[in-house]
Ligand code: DC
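One chain is shown next in structure tokens, namely the form predicted on its own.
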């Protein structure tokens, strides 16, 4: 079991926030500048949710969901893969999106994936890790903690744009409803709820460009003596 102490010496930028706040876009931009690897922890939970759905396992079967989380071979270094199978497109689909918050709320699933996330950081010598409990639970001693937010309407617009890019047609109102549902589930779950760490740099990305958000994060990162 990988604990928090084993990762304390690593350079880690923890980026948390709800869907559509800009976590993935900002993480990728920071990666290009800093040369750090990126881990999308949401893709881990989505990968588990995909296998749960494909196996016909009820979402209420916590024991089987946890077994899947412990045993499946997930690789996220170049898009999401299960072994040699490319699942990047599948895990972004509506069925997985609907199921993932329920799967992620299972305590045993979270224990399994948090251990994988810490191991990933050890294997990569640190990195930029994005999710919903990174600064609060996974890496409480991260070099820099960031919490991104945005107006609900802007988050819905961004996610609808993602759906259109993936050639999935959906109305912005439907996207807004799904985001609200996920926000509620993620922020009220008993284990590792979506909350901003008191020490996190909070940024509202609604009216800021990616470059502006990245520049602010880099200023705080540099102020901690990192470069």
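Residue numbers count along the first chain shown, from 1. Because the structure is predicted, anything quoted here is derived from the model rather than measured.
Quick note: we don't show the form predicted together with this ligand, though the next part is all about it.
Candidate stretches 184-192, 168-176, 54-62, 198-206, one within 4.5 Å of this ligand in the predicted complex by heavy atom = Answer to the contact question: 184-192.
Among 100, 144, 121, 109, which has at least one heavy atom within 4.5 Å of this ligand in the predicted complex?
-> Of the listed residues, the single hit is 100.
Considering 92, 157, 116, 151, which brings a non-hydrogen atom within 4.5 Å of this ligand in the predicted complex?
-> Looking at 92, 157, 116, 151 one by one, just 92 meets the 4.5 Å heavy-atom criterion.
Would residue 134 show up as a contact with this ligand in the predicted complex if we use heavy atoms at 4.5 Å?
-> Result yes; residue 134 sits at the interface with this ligand in the predicted complex.
Would residue 128 sit within 4.5 Å of this ligand in the predicted complex, counting heavy atoms only?
-> Residue-level check for residue 128: no, no contact with this ligand.
Scan 23-41 and write down, in order along the chain, each residue with a heavy atom lying within 4.5 Å of this ligand in the predicted complex.
-> Residues within 4.5 Å: 23, 41.
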